[in-house]
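Have a look below at one chain only, the form predicted on its own, in structure tokens format.
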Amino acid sequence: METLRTDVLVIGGGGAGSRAAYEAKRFDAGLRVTLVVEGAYGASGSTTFVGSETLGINAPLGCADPTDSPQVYLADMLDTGLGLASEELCRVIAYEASDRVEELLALGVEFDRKDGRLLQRKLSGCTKARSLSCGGQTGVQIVRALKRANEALGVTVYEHMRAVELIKQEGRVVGAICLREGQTPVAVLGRAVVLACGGAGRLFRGNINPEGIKGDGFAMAYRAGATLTNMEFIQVGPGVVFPPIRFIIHSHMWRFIPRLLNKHGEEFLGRYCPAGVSPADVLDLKAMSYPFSTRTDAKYLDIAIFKELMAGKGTERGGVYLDVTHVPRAELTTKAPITYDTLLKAGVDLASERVEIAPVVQSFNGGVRIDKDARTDVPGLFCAGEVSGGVHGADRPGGNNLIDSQVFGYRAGVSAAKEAIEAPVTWPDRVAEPEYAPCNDSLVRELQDLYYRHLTVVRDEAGLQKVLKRIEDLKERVCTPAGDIRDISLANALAVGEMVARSALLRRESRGTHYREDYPDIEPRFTRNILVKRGEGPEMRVEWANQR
């Protein structure tokens, strides 16, 4: 097998990976820093995915409200996290966000301005207006600026290389096995490794993620012995299913008070609202609560759509109709210009036509547990971005994913550079070439349907047990009698599904983005994290962390 060597290996070319590579190379220009990207650099990863009216990045700069501060920002994160966000990690973000944004400005990112001043907006989970954006292009602009900077510094980039397995030597992570063009195995050895390859949205039938986001990072870290946390908390919200584009519906679209209709033309939201809560109330709250969360009564909108779909009342494309044809075109183009233009280019004029929407997976709140320096509990392995866990709790403020990628991408890059310089590393003389079978696409599609039905908006014990039963049935197809993995894509999909299902089964309450219909209330005694780790044998250990 072809073997490549570097000092710092960064896996993932989105916002977190690009920042980690940049900071590692800035820390010591003499280090060999290598970035492995599954697709084309600058066009892969969730950061570069344009899918909403406004993509925000938070920082308490005080441009819109001078009373904002790191202390207020920290309180918002902890409050929104409902007791499960790490205070240590949130404190790092609160006090470093502004510096990281200022550095992006210096790299040429042009955030929106009004009258020459940076424009900051208020997003869900925030008590102050602290989100900056470049319209719907914020992530694209951030990665574009970091890509230019990495090219100028001499960071080595390997495109179309999918990392699927970490390499360990004497208890340390020393590299990864990658598939070039999805097929040819290549070993990339590094003195320090940063995982920044995103979440697992593509493991669900409905999602707002690009192709590469299918849980490889979670599964690789798990098999290497790392601890994961908060895997039951997944951000899900309304997204377009027709026209066939990946685009979420939020903000002003709900303030238009749209009509929601099932395939029979029936307005259904009122049937799911309890006494004292009107559909208009729910729609208004939804404008400030994109992802499904039990924190507000906006939850009834997501529950209503999901239950209509599961009852077979959705369209043939798997959605319900969203109708804003009662809103004048001028108002649509003024208050939701990106949404209107995006759908118009896709063939639907919102002023005269309906779109079809359904709950879609946006991102994972949990992931590989890190400390304040982005270290995992496996020597040599660091994590940043969506693949990491602990920064976000049961819910998170809108705009925090992007700033997380920059703050902990920065810290992961610096920490990995120090590790590469200081830590003694013995590389293996030879890395055995794996014999992976082609991905069983039909089984992966089956899992996508199963996970969407039972691991997204509405969960209950019967559905979670059904997921776990099917996972156990399929495990024998993954490994050879000797224990070697045959179908790596299926193996990773099974591992991630089991992490989510077992964590959701253990949490017998409803909190944030985790809703158990059989346990609909929040339970104070469960204000603690759930940890996932590989057991001594093949079994998965899922258990409560120590009480705070």
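Just so it is clear, the model here is predicted, and its values are computed rather than measured. Numbers for residues come from their place in the sequence shown, where the first is 1.
Same protein, other form: the form predicted together with a small molecule, not shown, and the subject of what follows.
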Only one of 84-92, 189-197, 293-301, 431-439 sits within 4.5 Å of the small molecule in the model of the complex by heavy atom distance, namely 189-197
Residue within 4.5 Å of the small molecule in the model of the complex by heavy atom, from Ser289, Thr376, Gln362, Thr456, is Gln362
Checked Val36, Ala59, Val500, Val33 for heavy atoms within 4.5 Å of the small molecule in the model of the complex; positive is Val36
Please state whether every one of the three residues Phe49, Met161 and Ala384 places a non-hydrogen atom within 4.5 angstroms of the small molecule in the model of the complex. yes
Exercise for the section: Consider Thr54 of the chain shown here, and say whether it contacts the small molecule in the model of the complex, taking contact as heavy atoms within 4.5 Å. Expected result: yes
4.5 Å heavy atom contact, Asn230 and the small molecule in the model of the complex: no
### Query
Would Arg411 sit within 4.5 Å of the small molecule in the model of the complex, counting heavy atoms only?
no
Check your understanding: Would Ala21 count as a contact of the small molecule in the model of the complex, using a 4.5 angstroms cut-off between non-hydrogen atoms?
Key -> no
